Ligand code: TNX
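We begin with a single chain expressed as structure tokens, specifically the form predicted alone.
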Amino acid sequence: MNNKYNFRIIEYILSALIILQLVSCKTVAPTDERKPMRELKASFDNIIPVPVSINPTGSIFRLNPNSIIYIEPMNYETRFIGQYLKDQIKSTTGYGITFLTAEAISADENIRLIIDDRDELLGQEGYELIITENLLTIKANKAEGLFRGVQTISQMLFPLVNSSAPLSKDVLIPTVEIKDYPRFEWRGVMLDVARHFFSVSDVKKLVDRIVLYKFNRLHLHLTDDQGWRIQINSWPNLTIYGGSTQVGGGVGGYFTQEDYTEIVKYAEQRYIIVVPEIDMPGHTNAALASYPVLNCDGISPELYTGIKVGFSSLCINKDSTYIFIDDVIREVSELTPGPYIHIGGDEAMATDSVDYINFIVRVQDIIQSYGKQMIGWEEITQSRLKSNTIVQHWRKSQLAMKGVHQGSKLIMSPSTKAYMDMKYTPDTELGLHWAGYIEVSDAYNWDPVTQIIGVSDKDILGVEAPLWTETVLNFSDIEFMLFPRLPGIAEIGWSQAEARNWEGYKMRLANHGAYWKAIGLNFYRSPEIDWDWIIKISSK
């Protein structure tokens, strides 16, 4: 072996020894501590809607399989919320943690859910989240507030969703103090099941999607020209015949009363009030086709499977029409524990204007007779409204203002901002565009109070995002049209106006995109959002 070769071997050995020496001189954390800090850290940077206040306190709470959820007091509602949180943690981490009635807390790494009604500022839905090194506490005045706080914890765990479950390491949650409560009482999502029908399972999945963003109303558009979707025992042909088809001529469907009750109960457990809409006097072809007595000429039209509007009307001056309406409202009211019945009332171009005014007055009395509060689209303001009637704005500001002048509260659903059936861009496959194109920034960058000149905070009940379904065929389509726009509507409804800004929201939304991708949610990859930004940061 020559000297040159020997020298090269010695050189390699000396270099390796020098590298080893340098590495051994560095101070590093043990491997089992370094790994969870890098890979298994939860975050409060994900939260949508943005809370009223967030105060990081600079330490770490460790969640692990030995953690316990303490509940005070333990009752039906709080037990459900504890189980809900337990399931959320298990789905993310694989930890099968337990929960029990709160007693003296002596162990570390515990979670506590407490109802304490001493903070009036929190109201019905507000909560405090206080995370210290040894304890994660959600406090609220009401059980509903605890449930909203649990959604915040669920979002903080988003970064872990790609981790293998069950995790073998502690989950590190940053210590923080959060105080949070909603800006508006009404934060709703509307699903049209009349143009295309969706199953009980689909509606439940939608509830699961929207509770994460602290929505509290589910408005179901149950009847229209193309289909009648709620069983009415006193008028059975409404669903047997009127619910048999849908847009495009496919097989329709309907909710039995048992189906509807199941949806209502599922939503109610998650603090969402179901608002049924029975559209009248227009958008009624499915009813007119089912019963000739509802037509002025006594002749039923054919079933309709197109998407035109404004061509149908109940016969306003027949007594049988009001017997029909009374029966429908009575049965729907009996099935609906929530205080609201929506009557639609929009696009009644086939109804004489004087008849329309008289019709609205009469229907208000019917709804009130069953202990319910009437809601209608803004066209109802052309009539004389009771002061507790709620007006839903969608297109014409002057009509919405007529409602305000009569003492009505407004639900803000401006079609150019909040209609989730509008296309994102001209190239979007699904959706319509009669109200324009609504990108993610368009759905986010507006405020309910400044939308209509002359309207103030006291006039606004809240916001709602309607999804009409002329082009929406299945649940994957529902997801695509709602996400990523829907979280922006949630933030408009919940968060204080001064806390919102587009630049910060974009980054939080990107975090949610990573979560949606991981769980298989079908969402539109808007070019306005850098969906890979968190990956780029973590790779540096």
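None of the values given here were measured: they were computed from a predicted structure. Sequential numbering from 1, following the sequence displayed.
This protein has a second form, the form predicted in complex with the named molecule, left out of what is shown; the following refers to that one.
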**Prompt:** Which residue among 74, 200, 357, 432 has a heavy atom within 4.5 angstroms of the named molecule in the predicted complex?
**Reply:** 432
**Item:** the named molecule: the contacting residue among 424, 147, 419, 186 in the predicted complex [heavy atom, 4.5 Å]
**Value:** 419
**Request:** Examine residue 331 and determine whether its closest non-hydrogen atom to the named molecule in the predicted complex is within 4.5 angstroms.
**Result:** no
**Message:** Please determine whether residue 293 contacts the named molecule in the predicted complex, using a 4.5 Å cut-off between heavy atoms.
**Reply:** no
**Item:** Any non-hydrogen atom of residue 209 within 4.5 angstroms of the named molecule in the predicted complex
**Value:** no
**Request:** Flag residue 271 as yes or no: does it have a non-hydrogen atom within 4.5 angstroms of any non-hydrogen atom of the named molecule in the predicted complex?
**Result:** no
**Complete:** The stretch from 505-513, 468-476, 47-55, 65-73 that lies within 4.5 Å of the named molecule in the predicted complex, judged by heavy atoms, is 468-476
**Prompt:** What residues, if any, in 183-199 have a non-hydrogen atom within 4.5 angstroms of the named molecule in the predicted complex?
**Reply:** 195
